[in-house]
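Listed next as structure tokens is one chain, alone, in the form predicted alone.
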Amino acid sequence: MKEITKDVVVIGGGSAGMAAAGEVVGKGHSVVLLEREEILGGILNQCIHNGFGLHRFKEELTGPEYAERYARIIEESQVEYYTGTTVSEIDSREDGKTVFAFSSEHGMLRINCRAVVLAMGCRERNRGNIGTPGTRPAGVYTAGLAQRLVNMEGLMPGSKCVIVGSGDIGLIMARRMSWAGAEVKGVVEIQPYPAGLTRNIVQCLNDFDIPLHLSHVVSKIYGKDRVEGVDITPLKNGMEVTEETFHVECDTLLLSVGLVPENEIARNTGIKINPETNGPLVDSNLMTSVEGIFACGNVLHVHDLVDYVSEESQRCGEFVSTYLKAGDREQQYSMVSGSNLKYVIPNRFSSGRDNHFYMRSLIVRNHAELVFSLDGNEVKRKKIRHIQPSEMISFTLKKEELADFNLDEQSRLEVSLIG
């Protein structure tokens, strides 16, 4: 077993892990980065479409180009990284952490460190998660798997496709399959509004005349060896209107039905999980419930833009550096989501510095207001032109805006959306 000692172990070599590792090593600390794939970049490597980097780099990049920007930072820095390496366990002690990992090239690794950053990203929900009735033929894929097959393996999943869910990966694959010569019969969305970004609805569906069936479900899958068709049923007041069911012949069903943070390691380490995000609960420094273990990126909550992943993860790297310097721990207070919000991250806040929050709306509205209230007293109100669940809200609350309020251990900051 190879034994390594570093200040920090970063688990995950995608945009989150690379941004966090680059920031930590830039602050003068030693870092080892572990990535289970053979190259750095994570899911970005299969996202060959453009639209990345507009916020972060002020230019439009493809996924591999965005990944290359950060991979270059890692390769030119003093970050030691291991690809093709899987983490199996984190042993957490008061005097530090030990991360156990293995790979075909390096064998077993035992890494002793003072802090760990979780940056493993997320995984796709599958057919079992949504319980679609019918047979179990070949031809049912998650949209991300289909994307990898087409963009990286050079394989076509099928020739006549129906896509379930209007998440961004599904929308992008509707366009990608059309470009590759497949016939996309339609996108089926259970909600009365699209789940993906507006720009993807326009560029991936409207521009290709692909129908979007809102408030519909795939109610049955047909086929013995291979998918032969599906039934699509409209919903009214949440109930299936079976008499309006129609059949679509297809040989492929792509599922874009949501993403879930990759939290198996977190659970096994005893980290508390946020039921609203399925990622770890974190304080204002993005530290989990286990001392010295931090989380950032899609393993914490699913983002809509990779630019926000990098932004949050760089901030996480700053917090890790501060933690390693053993400075005084600041007082923190409860942060909760109020009306019309699914969640707000992080789950605690500090009164001694600016606090940056990410949140998800539960409603679709024009001209809404974001309202922060501390112990029932309004702190901040901001107008927002448009909100929808598919687009994350990013907001910074300045420390000066909390200066006139007296806080105690029971103080609670609540953020709500008023539509």
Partner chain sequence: MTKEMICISCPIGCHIEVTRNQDEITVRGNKCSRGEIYGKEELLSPKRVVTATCPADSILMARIPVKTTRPIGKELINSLLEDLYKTRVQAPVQCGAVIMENYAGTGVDVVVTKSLSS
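Numbering follows the first chain given and starts at 1. Quantities reported herein were computed from a predicted structural model and do not represent experimental measurements.
We do not show the form predicted together with its partner chain, though everything after this point is about it.
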Inset, instruction - Would you please decide whether F246 lies within 4.5 angstroms of its partner chain in the predicted complex, comparing each non-hydrogen atom pair? - result: no
Legend entry - Contact label in the predicted complex: H49 to its partner chain, heavy atom within 4.5 Å: yes
Inset, instruction - Report whether the minimum heavy atom distance between E65 and its partner chain in the predicted complex is within 4.5 Å. - result: yes
Legend entry - Residue contact check: R353 to its partner chain in the predicted complex, 4.5 Å heavy atom: no
Legend entry - All of K27, E291 and T396 with a heavy atom within 4.5 Å of its partner chain in the predicted complex: no
Inset, instruction - Could you work out which of R114, R176, H303, H213 is the residue within 4.5 angstroms of its partner chain in the predicted complex, going by heavy atoms? - result: R176
Inset, instruction - Mind telling me which stretch in 294-302, 149-157, 343-351, 329-337 gets its heavy atoms within 4.5 Å of its partner chain in the predicted complex? - result: 149-157
Inset, instruction - Taking its partner chain as it sits in the predicted complex, which residues of 340-358 have a non-hydrogen atom within 4.5 Å of it? Please list them. - result: none
